[in-house]
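In the structure tokens that follow, a single protein chain appears in two forms: structure 1, then structure 2.
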Structure 1
Amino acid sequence: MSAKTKLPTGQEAIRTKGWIGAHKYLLLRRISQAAFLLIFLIGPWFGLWLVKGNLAGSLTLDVLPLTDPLVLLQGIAAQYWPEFTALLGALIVGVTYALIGGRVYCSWVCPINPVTDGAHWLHEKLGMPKGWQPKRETRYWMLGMVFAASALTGTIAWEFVNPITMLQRGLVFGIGFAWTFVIAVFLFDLFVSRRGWCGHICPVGAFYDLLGAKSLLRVTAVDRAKCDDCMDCFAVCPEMHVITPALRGKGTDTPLILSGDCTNCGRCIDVCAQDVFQFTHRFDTRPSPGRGEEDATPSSAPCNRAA
């Protein structure tokens, strides 16, 4: 952990799996993020209206309504009961993320993610210090604050400042000065707080975190016995505390990463030269001995959300 004798992060994986293999999920994620942007843009750009609207609410192929459940809940906190279409849209989105992992939104859809990832990349390049690291729970306080502010002002309060919808709506409908919010997030992550926005502050992330607390799709450190302590997964994970209980667990501890904080970005899978990690479902009970134990005790079915 201290002596920097090892290769730079990810080099080992590139050697064993090739560049593509060591960036598979990263590439897929970038493609997904771009696709989610483009699908909203081909309408205004080319007049091809597969999807209308934006991330707060949309209509796909003129039949499928989707609504951001957090935005709608703020409206309800502000004492407005929406029409059926919006409720149905929020239900579809809510159930989907509850199944595939709430923070899949963060790593595969949210347009701010490339921004904060970029800030983190530069942060590392410049060898900047960690900076201010508020508790991870801060985002839940933020989420509570957002609902309180909505109730208090009778408005959908977070939408006045939400950099996510500002950016996405801005790109699709015209951005005005909303890019200043995006720059602010970038600078915050670069100079003030490493992984600060998505890891500690963003109430949207916190909401989807809670939403996906019991999700089916999970990453597992099933081959944890093979871990050679290169620490690359910790280096790339935006929520590195989620890895420890799974990777360092002993035979009876589940190898599943069960924390809702995990964004299912799959970067740990990419970067591990030993192929310790995989995507799986939360009821996967394959035996997974810890390091140094070769007796394969089946792990008990997991139910608790690891902190």
Structure 2
Amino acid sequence: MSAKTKLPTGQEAIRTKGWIGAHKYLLLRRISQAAFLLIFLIGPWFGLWLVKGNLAGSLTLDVLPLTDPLVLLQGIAAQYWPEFTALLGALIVGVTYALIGGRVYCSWVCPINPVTDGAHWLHEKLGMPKGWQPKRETRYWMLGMVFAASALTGTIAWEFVNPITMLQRGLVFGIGFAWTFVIAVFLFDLFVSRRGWCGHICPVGAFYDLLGAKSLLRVTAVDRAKCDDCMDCFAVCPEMHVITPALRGKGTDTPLILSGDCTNCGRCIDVCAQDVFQFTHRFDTRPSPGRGEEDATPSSAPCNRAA
């Protein structure tokens, strides 16, 4: 650990890059999430139907069908064979996320992400304990249960309780029962389990984790030899366990974060004052000396903060 661990998370990056630079990807994510949500809302709110539907299934400009592959697979499990447009929409979405990274959906599209981020921010501000931490495999069991429930009930079971759908429904129709599910997720992450919903429970995240396991878009700790042990990257990462193999590796150990759990949120890039991290692709083979190894540019050691 270095003396910089005593500084507030991201403070050194703010001094080095400025506030905007230290929050660039966070701001871009919020813009992206708001844009995806707004494009579905301007129809019912203002009568401008650029897109009809929601994140489960939509039709853009009456031409482009998009279908959540998880929804389509639940329908098949319920013994409903989808129409060609639904199959085509699921193929488009599935291939896109398989290439760019499945859990990009979680950090750049899902409207529940700001809810859970808000709960985490308040959790940290109140200095609350970590709380109950279910095993990460729990979300895969939840995913299996979703398919089982669809098969047993003959319905797309998850859509009855999906907080993502409920949030959009609540924004369209106003205050109602749908908000119960969104509030429940917020309270769960705040009082029961820090980062518990997205990291341990949500079956949607589990599905997109599996879908993007071999995706092209990756974060790399390409300059890990510069890391000064401030630990900020660990503090802001929603899946902090994915950082260690890349950042602490030595010699021929890859600096790429290859875990499907990585959401490609870019926060580790934002808060690192040493610019250890950057976006790249999974075939990036640039050499990256580990800590304490010889490098063309001497450095003091790694960049980031455990939560």
Partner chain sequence: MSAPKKPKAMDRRRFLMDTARAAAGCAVAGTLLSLYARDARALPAEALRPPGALPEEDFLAACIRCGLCVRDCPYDTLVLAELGVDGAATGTPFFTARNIPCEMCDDIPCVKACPTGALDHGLTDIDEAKMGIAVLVDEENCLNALGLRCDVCYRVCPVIDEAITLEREHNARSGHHAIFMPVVHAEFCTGCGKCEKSCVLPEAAIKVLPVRLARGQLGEHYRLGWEQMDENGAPLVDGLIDLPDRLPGPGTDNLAAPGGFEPAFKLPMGGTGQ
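Throughout, residue numbering runs from 1 along the sequence of structure 1. Computed from a prediction, not measured in an experiment: that's the story for all the values here. Whichever C-alpha set is largest while still superposing within 1.5 Å between the two forms counts as the rigid core.
Taken from the form predicted on its own is structure 2; the remaining one is not. With the core held fixed, the Cα of residue 279 is displaced between structures 1 and 2 by less than 2 Å. In the core-aligned comparison between structures 1 and 2, the Cα atom of residue 47 sits 2.4 Å away from its counterpart.
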